[in-house]
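Form predicted alone, single chain, as structure tokens, below.
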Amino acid sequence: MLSKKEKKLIAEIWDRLKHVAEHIGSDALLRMFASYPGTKTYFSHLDISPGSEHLLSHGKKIVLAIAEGSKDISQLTVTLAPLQTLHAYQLRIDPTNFKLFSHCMLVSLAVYMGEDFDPVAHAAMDKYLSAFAAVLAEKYR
């Protein structure tokens, strides 16, 4: 699905962005909540207002998990196994939300990366985030 060049590019992007993980993640979450209000139901026990500690913390967790997965994309299922179980069996998140979030993450990446988020980076990241969302949804089958 991803070429060696794309895998390298994806890993480099996430490595470069880890220092702003909480901002990118919270931005993507806010975009998802605004575009798909139903997704907020899973966060009703948290303060998800812009800039809140809960939002920044959860956004950072998400981005760091995405970054970790990008280190060895061929092992994504193994890397994400604990998150698959958590989201499917404990949190019972609707798996559609993973796709919705990946689209919002693409927009957030475009904002943060500017011209560096060229069509090649966009296409590679779209493939990777689609795979990430699909792996998270595997336990639902």
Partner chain sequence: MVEWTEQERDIINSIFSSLDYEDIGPKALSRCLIVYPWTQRYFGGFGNLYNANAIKSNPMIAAHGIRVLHGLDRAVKNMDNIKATYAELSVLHSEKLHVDPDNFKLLADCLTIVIAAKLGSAFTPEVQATFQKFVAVVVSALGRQYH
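Everything quoted here is computed from the prediction, not taken from an experiment. Numbering follows the first chain given and starts at 1.
Not on display, but discussed next: the form predicted in complex with the partner chain.
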| query | Is Asp118 close enough to the partner chain in the predicted complex to count, meaning some heavy atom within 4.5 Å? | reply | yes
| Heavy atom of Ala123 within 4.5 Å of the partner chain in the predicted complex | yes
| message | How about Ala81 - does it come within 4.5 Å of the partner chain in the predicted complex, if we only consider non-hydrogen atoms? | response | no
| request: Decide whether Gly114 counts as a contact residue for the partner chain in the predicted complex under a heavy atom distance cut-off of 4.5 Å. | output: yes
| field | Sole residue of Leu56, Ile93, Ala110, Ile62 within 4.5 Å of the partner chain in the predicted complex, by heavy atom | value | Ala110
| task | With the partner chain left out of view, choose which of Thr85, Ser35, Thr77, Ser52 has a non-hydrogen atom within 4.5 angstroms of it in the predicted complex. | result | Ser35
